[in-house]
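First comes one chain, alone, set out as structure tokens in the form predicted on its own.
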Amino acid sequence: MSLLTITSLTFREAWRKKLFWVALGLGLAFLALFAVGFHYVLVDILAHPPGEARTGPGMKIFISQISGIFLILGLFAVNFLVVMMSALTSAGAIAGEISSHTIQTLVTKPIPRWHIVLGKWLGQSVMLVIYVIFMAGGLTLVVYFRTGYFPPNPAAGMSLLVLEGLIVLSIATFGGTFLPTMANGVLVFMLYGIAFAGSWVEQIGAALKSETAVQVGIIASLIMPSETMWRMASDLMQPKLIQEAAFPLISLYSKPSQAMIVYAVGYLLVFLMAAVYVFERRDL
């Protein structure tokens, strides 16, 4: 019962501080900007279609390609927003309460310390799931209502975006048990920077057939698998026409193994268990 209570309190605290409202409000602004931009870009492109797209079937294929490209580019931005929200909402969840000594009101009660850690993690996870559904689902609906295009594997793709956010959330929860809020935030963003840079090194290396660059990228993804989850989500939600055309910034030249999903789940669980271990033994 105490675990569910702390989960609920974590969610309500974010609600009370208007953190969740700000995230949703800015997300809505992003969706509106994307919808307007997508509409006018599509109008301009369709006004001067290439020769093969001027027939009925050709036009349909052309619209699907354009819609798929814009949707993936929009989800690329959502990917950043998911990481930022996960990091910013969780970096001070435990660290901030330790530094302000408000955590003592909980640890002095007959509540297991692991309930505190896991309850806060679960509360933030609920917010993360809602945010991903709102943002990724909103982009998908914007494109669908404008062109009738619907991406393949939307549920699997969104699930991988959630998994990416949970990885960041677990690292921030772990760091918050022994680092101050600012240092914890730096830790999370530096690890994400390694994952982001490593992902691009791997893709560029695969395109140029550089085995060394690919191996460097794989090592970076093992250090921090968050960006790999986005790459897999992007690949799942692309139609085959886009995958075969090998569009820059979108298509994968080096595809991660499905085993990376298992690794990512184990990775976040290790950090979550480590957070419980450190917090239970910390002198507060």
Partner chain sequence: MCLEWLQENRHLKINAHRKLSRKIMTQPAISTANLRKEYGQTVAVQDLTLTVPAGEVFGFLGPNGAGKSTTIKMLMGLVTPTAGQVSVLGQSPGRPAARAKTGFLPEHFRFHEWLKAKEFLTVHGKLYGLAAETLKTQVPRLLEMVSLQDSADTRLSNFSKGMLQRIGLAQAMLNNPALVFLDEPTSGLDPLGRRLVRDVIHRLKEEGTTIFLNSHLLSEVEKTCDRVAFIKKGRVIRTDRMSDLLNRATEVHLRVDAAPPALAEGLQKLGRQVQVNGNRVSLLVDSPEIVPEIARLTMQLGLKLYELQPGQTSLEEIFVRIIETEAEGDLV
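Residue numbers count along the first chain shown, from 1. Nothing here was measured: the structure is a model prediction, and the numbers come from that model.
The form predicted in complex with the partner chain is left out here; the points below concern that form.
Heavy atoms within 4.5 Å of the partner chain in the model of the complex are found in one stretch of 95-103, 75-83, 196-204, 139-147, which is 95-103. Although the partner chain is omitted here, in the model of the complex all of R16, V107 and P110 have a heavy atom within 4.5 Å of it. None of M273, L9, V265, L24 but one reaches within 4.5 angstroms of the partner chain in the model of the complex through a heavy atom, and that residue is L9.
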